[in-house]
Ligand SMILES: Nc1ncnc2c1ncn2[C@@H]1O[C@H](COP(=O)(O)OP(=O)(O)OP(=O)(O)O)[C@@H](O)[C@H]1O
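Next up is one chain by itself, shown in structure tokens, the form predicted on its own.
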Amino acid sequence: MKIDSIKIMGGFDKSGANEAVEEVIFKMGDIASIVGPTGCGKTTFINDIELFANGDTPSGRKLLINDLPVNADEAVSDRHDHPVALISQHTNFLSDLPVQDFLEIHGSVRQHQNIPSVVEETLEFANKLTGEPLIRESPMTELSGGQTRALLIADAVIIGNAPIILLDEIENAGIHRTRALQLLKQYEKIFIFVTHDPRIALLSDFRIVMENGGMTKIIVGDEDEKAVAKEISKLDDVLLHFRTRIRSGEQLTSHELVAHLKSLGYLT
């Protein structure tokens, strides 16, 4: 299935009122974020996309692909070419296959011609996302949360080659967010993040604000917000540095913190 765009037609919020946003369009190459407080309906929104909603889900939303209604059975009839990949918060594996075997089997299911090549590309991509390099002989069940999420993202992008990729709160698993967004922008796909992370939200092309189960508005960042995003990224890098130091068993000093803040121009 060749996908140029998807359109979500608004349904209803939890009170039964029409959603304030009547429609939202995602085009190939877009990176979008879904934001809002816990329980506002963010996960339900991406579930509607995964299910090819046609007014038959609790939200009443409808999904159009290339401006046309979608038959869910037809959309997934070719199992080796499923158009949607969901990377959820729940990543427990039922199989203890080694990483290499897992990727090779998936490559075979997806009917890749050069399986060793796509496996290598997938591992290389995953290792750019996580601070804990993946070992191909490691059982899937023994991977850390960050390794698991990095592997699944890389697998969906490269081996799965899904045109629509949904990512649910990847900031909770030790993924390097800025690096992830930079890498993902190299691929002509639709990436939709459910996130509480300001860095991901501000670096996205636009964000959809959810409240009480409904879409309330769409925000496209302006130049002022881009400047804010740049400063937030600097501060987040400082936190990432100290987080890494703590995980390495090192002790922090106030002198080091002051030095970092001075280097960013926040202290004189």
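Everything quoted here is computed from the prediction, not taken from an experiment. Sequential numbering from 1, following the sequence displayed.
From this point on, the text means the form predicted together with the ligand, which you will not see here.
Colleague: Using a 4.5 angstroms cut-off on non-hydrogen atoms, would Ile31 count as touching the ligand in the predicted complex?
Modeller: It does not: once the ligand is placed as it appears in the predicted complex, Ile31 has no heavy atom within 4.5 Å of it.
Colleague: Does any part of Gln89 reach within 4.5 Å of the ligand in the predicted complex? Heavy atoms only, please.
Modeller: Although the ligand is absent here, Gln89 would touch it in the predicted complex, with heavy atoms inside 4.5 Å.
Colleague: My question is simply whether Glu104 lines the interface with the ligand in the predicted complex - judged by any non-hydrogen atom within 4.5 Å.
Modeller: Outside the cut-off, so no.
Colleague: Does Pro58 reach the ligand in the predicted complex if we count a contact as any heavy atom within 4.5 Å?
Modeller: The answer is yes: Pro58 has a heavy atom within 4.5 Å of the ligand.
Colleague: From the list Arg179, Lys185, Arg136, His196, which entry has a heavy atom within 4.5 Å of the ligand in the predicted complex?
Modeller: Checked against the cut-off, the match is His196.
Colleague: Going by heavy atoms within 4.5 Å, which of 237 to 245, 35 to 43, 201 to 209, 217 to 225 lines up against the ligand in the predicted complex?
Modeller: In short, 35 to 43.
Colleague: Note that the ligand is not shown here; using its position in the predicted complex, name the residues of 3 to 17 with a heavy atom within 4.5 Å of it, in sequence order.
Modeller: Phe12, Asp13, Lys14 sit within 4.5 Å of the partner.
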